[in-house]
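The chain below stands alone, shown as structure tokens; this is the form predicted alone.
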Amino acid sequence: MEGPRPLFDHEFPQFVEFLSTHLRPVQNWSIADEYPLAIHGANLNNVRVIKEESNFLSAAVMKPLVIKSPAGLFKVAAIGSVVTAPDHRHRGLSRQVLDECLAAGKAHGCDFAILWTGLFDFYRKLGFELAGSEISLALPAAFKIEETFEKLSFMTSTKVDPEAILRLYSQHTTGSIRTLEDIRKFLQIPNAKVYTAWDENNRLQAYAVEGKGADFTGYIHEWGGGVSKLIPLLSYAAKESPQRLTVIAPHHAANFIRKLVQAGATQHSGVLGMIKILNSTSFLAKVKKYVRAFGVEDVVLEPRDGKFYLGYKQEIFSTDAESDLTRLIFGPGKASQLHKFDPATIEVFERLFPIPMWIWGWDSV
């Protein structure tokens, strides 16, 4: 048995076939088409595989992302496409490739890792914790739009100028740093619908993306533009779609969420994903810089002697569970649910945390 190790260039076609066979057995496209930045020749050094003779037994993909946030820039290891061939499961192979992906993330200087899964117990054993916040909004078939909006025209097509999409995307306060070429590749992902709104001067005012290969069917996981343009665009999308659509949004998009609820959407709170802090010292240094920007002093967020010390002034809580730190900083829980802090500490922590953090659907791995 060979590995875990990075993927070699000449193995890439066979590797894609291995993933497609086990993760996309009924689709008529390659899984590399769904994840053009992660499953790509430029990212081979962040893939980890185990082989026996000429056959792949297990694999996982890591893609470093730089995420902007009001709390600063964070380097994130997004992990996905974790698979072990059926005849070789229950041998710990998935854990081996995952451990190596986490090591690669640390080597890249990533602050934390994130993945999306339903296997919560398995990933908790690796130190991941359900964290972050996400709001799901099930759209009504017919919107109750009471405001008068300027004249817009709508279209459903992936043939959109990537530069126009990037212009609107860049207005978000949270999300990965993307290039024009990234957007161009995203627009080529199979099984995606891109709904767009245009003004009278043929200028893109809003966009919304539903579907990404085999993922996000029925979910609008990407959107951009002003709220007054997005609401009528989503009304158009709800009428065009043969199925009921659900929009996913960061919890801090308060005005957008409120307008959709007023228009008849049903709201549900969830988590962003499973998160594991990789470099606690550098990560907490960034978080403390964010805290100081609020003018708050005497907040304690320190790793020391295998424990984490969290508190405000003289109220210090120590824990050896990294998950406590993850849940405090990313949410969705509150400080008062983590520990019986005094009222002053609770007030400060719940004013500072969770930090605004969001990863859009096109960036999922």
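Sequential numbering from 1, following the sequence displayed. Just so it is clear, the model here is predicted, and its values are computed rather than measured.
Heads up, the form predicted together with a small molecule isn't pictured, but that's what we're talking about next.
Student: Go through 114-122, 248-256, 217-225, 132-140 and give me the stretch that gets within 4.5 Å of the small molecule in the predicted bound form, heavy atoms only.
Tutor: This holds for exactly one stretch, 114-122.
Student: Taking Arg203, Ala208 and Leu230 as a possible spot, do all three reach the small molecule in the predicted bound form with a heavy atom inside 4.5 Å?
Tutor: No, because Arg203, Ala208 and Leu230 lack any heavy atom that approaches the small molecule to within 4.5 Å in the predicted bound form.
Student: Tell me, which of Lys185, Lys193, His108, Arg95 has a heavy atom within 4.5 angstroms of the small molecule in the predicted bound form?
Tutor: Spelling it out, the residue with a heavy atom inside the cut-off is Arg95.
Student: May I ask you to choose, among Arg89, Lys239, Arg292, His172, the residue with a heavy atom within 4.5 Å of the small molecule in the predicted bound form?
Tutor: Spelling it out, the residue with a heavy atom inside the cut-off is Arg89.
Student: Find out whether any non-hydrogen atom of Leu23 is located within 4.5 angstroms of the small molecule in the predicted bound form, and reply yes or no.
Tutor: Residue-level check for Leu23: yes, a contact with the small molecule.
Student: Hey, in the predicted bound form, is Thr84 touching the small molecule, heavy atoms inside 4.5 Å?
Tutor: Although the small molecule is absent here, Thr84 would touch it in the predicted bound form, with heavy atoms inside 4.5 Å.
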